[in-house]
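Single chain ahead, written as structure tokens, the form predicted on its own.
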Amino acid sequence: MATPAATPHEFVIRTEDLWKVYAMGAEQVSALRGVNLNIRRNEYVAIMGPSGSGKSTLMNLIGCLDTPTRGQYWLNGQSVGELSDDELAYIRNKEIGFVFQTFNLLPRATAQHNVELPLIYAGVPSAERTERALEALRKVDLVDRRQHKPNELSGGQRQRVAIARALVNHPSLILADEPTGNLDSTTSKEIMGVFDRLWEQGNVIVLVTHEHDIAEYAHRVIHIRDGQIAEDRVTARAAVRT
């Protein structure tokens, strides 16, 4: 008996025939070519690929930072292509927690204030902002550094502040772009340990990386090549975690 087809509502992320085409002068360059991708709730997925493979383009589309040339993308069952610019901005702030390689922290703001930023944009009252920022900092074991500015923190601590900021709105998806790219190997392991704990707490994590050892922390590794999914495999660690 055939298994019934899943609906978009069963996934946090679902793409169908996703294309992104750029005009380079008179030439049309296809960065993504018909990508079909499903990511369920509480999955931990790494996306890999060489430079120019399309993995960054896919990340930008998943993160609602760009729009596809054609195809469909559903986030939590909602068709992203049907949203207005204001609705997309709301989705980026509320539904997606971004973690970047360069941390993207305000240099003159404390760790706590940096974490509060998405809540400020969302109009959350001051007392609630403080409570939720401290809750997020506790999740990354950094509440004791809440009054420190970025230049008073190590690289690993700065990335943990960035992760706390990503968590503060209780997003549907944590999207991490090369989160260990600026860190040494020891600190990288510490940061990946934080992602492990977040996954265990029920978060959906999509990790974009070019480092094979970092990708192996995930449950699934998706390899992008020439704008298409070349491989989608389960990692060795997935069997241990399930």
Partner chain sequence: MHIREAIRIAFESLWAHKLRSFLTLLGIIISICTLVAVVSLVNGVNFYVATKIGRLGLNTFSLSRFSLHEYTDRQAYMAAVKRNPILHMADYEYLKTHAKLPVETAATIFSGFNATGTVKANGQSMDQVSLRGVTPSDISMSTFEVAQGRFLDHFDEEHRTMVAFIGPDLVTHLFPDVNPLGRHLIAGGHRFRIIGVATRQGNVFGNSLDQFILIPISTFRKLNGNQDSIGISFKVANSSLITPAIDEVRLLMRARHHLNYYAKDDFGIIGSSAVMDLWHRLTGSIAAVMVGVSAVFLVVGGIVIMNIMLAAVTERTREVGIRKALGARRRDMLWQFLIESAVLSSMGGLIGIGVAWLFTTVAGHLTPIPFQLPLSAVIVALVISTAVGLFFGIYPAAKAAKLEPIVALRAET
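Keep in mind it's a predicted model, so treat the numbers as computed, not measured. Residue numbers count along the first chain shown, from 1.
This protein has a second form, the form predicted together with the partner chain, left out of what is shown; the following refers to that one.
Three-residue candidate spot 92, 105 and 118; every residue lies within 4.5 angstroms of the partner chain in the predicted bound form by at least one non-hydrogen atom. Comparing 183-191, 45-53, 196-204, 65-73 against the partner chain in the predicted bound form, the single stretch with non-hydrogen atoms within 4.5 angstroms of it is 65-73.
For the candidate set 144, 128, 85, 82, a heavy atom within 4.5 Å of the partner chain in the predicted bound form is found for exactly one residue, namely 85. Checking 170, 113, 138, 148 against the partner chain in the predicted bound form, a heavy atom within 4.5 Å turns up for just one residue: 113. Taking non-hydrogen atoms only, residue 165 approaches the partner chain to within 4.5 angstroms in the predicted bound form.
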